[in-house]
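Shown below, as structure tokens, is a lone chain in the form predicted on its own; questions about how it binds or moves come after it.
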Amino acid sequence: MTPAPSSAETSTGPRGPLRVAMAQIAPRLGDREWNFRLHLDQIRAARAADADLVVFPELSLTGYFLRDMVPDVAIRADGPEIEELLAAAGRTAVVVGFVEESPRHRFYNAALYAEGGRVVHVHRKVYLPTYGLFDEQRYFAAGDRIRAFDTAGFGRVGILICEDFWHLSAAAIMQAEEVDVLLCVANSPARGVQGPKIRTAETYDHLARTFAQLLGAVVIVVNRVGFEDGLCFWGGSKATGPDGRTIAEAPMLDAALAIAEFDTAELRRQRLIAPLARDERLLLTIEELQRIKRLRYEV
């Protein structure tokens, strides 16, 4: 019996060339109204640049170190502010970071993907860091799923939020989902600064190049700039092709709207050269993970 095709197999795939605007902004902490106007300005600029998609950083509508302000700045994914942003975007797809309030009044660090005036997908951050200077689990509920989704122009797309990108399990799920484009939206402060080098920036670059090649996908990381609580956010947003090469990048430390243009024919070429997703032993992986689960948790 022939198995039914997966959603990835039935997707029409991306159509190129495609242009992505990486909106490397410096949001004001807790000032949702000011940040909203900044989003409208960036969307207008992205449309003027003929961008097919504009991607904002993590929590772009609110800023990052919100703490007790989380309930005050939370909105619904179908709220009037989101609707106005989508109307302003027109035919340009958009990714926005925001604090989402669920119908049961849980608060999530979330990012939505919208196109054609409607929200297609909302990702709620799964891995909430609680080490060093981070304390997200105190203020946010954790998401409980990592899934890709089909789009009109970009094929299958996956969204990860900052810390999600640092976990191999998230990348493995994205490979199993056979994404064409992986988007990571981040609020990454500069840590491990040694002269002109920023260790966190180097790590994101290594992860993006590795995941792009393993997934055979375009990987786009959009990080914010500016200062909060004395911490500096380094920017350095970057689009990486499926061969691990940089397509386009934004400057370090400065706000910018950087345009990444890529031809989707490169996806086909790279997957012919290194058909890693084709040869992945997904059932073997599932069986081994189930074995490990039994050993660790079913005592």
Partner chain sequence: MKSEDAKIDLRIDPELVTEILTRFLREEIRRAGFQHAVVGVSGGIDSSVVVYLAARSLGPENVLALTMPYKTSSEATRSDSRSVIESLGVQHRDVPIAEQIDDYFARFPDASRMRLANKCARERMTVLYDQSAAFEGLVLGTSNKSELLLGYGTQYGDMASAINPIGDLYKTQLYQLAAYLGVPEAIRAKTPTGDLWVGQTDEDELGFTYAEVDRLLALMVDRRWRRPELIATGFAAELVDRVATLVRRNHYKRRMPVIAKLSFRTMDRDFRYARDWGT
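Residue numbers count along the first chain shown, from 1. Since the model is a prediction, treat every value here as computed from it, not as a measurement.
Below: the form predicted in complex with the partner chain, not depicted.
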Partner-proximal stretch of 167-175, 221-229, 109-117, 205-213 relative to the partner chain in the predicted complex, 4.5 angstroms, heavy atom: 221-229
State the residue from Asp31, Glu261, Glu266, Glu249 whose non-hydrogen atoms include one within 4.5 Å of the partner chain in the predicted complex. Asp31
Among Ala87, Val193, Leu133, Ala152, just one has a heavy atom within 4.5 Å of the partner chain in the predicted complex, namely Val193
Verify the contact flag for Tyr139: yes if a non-hydrogen atom of it lies within 4.5 Å of a non-hydrogen atom of the partner chain in the predicted complex, no if not. yes
Test of understanding: in the predicted complex, would Phe36 fall inside 4.5 Å of the partner chain by heavy atoms? no
Distance check, Ala256 to the partner chain in the predicted complex, heavy atom within 4.5 Å: no
Could you tell me if Leu183 has a non-hydrogen atom within 4.5 Å of the partner chain in the predicted complex? no
The partner chain in the predicted complex - contacting residues of 161-182, heavy atom within 4.5 Å: none
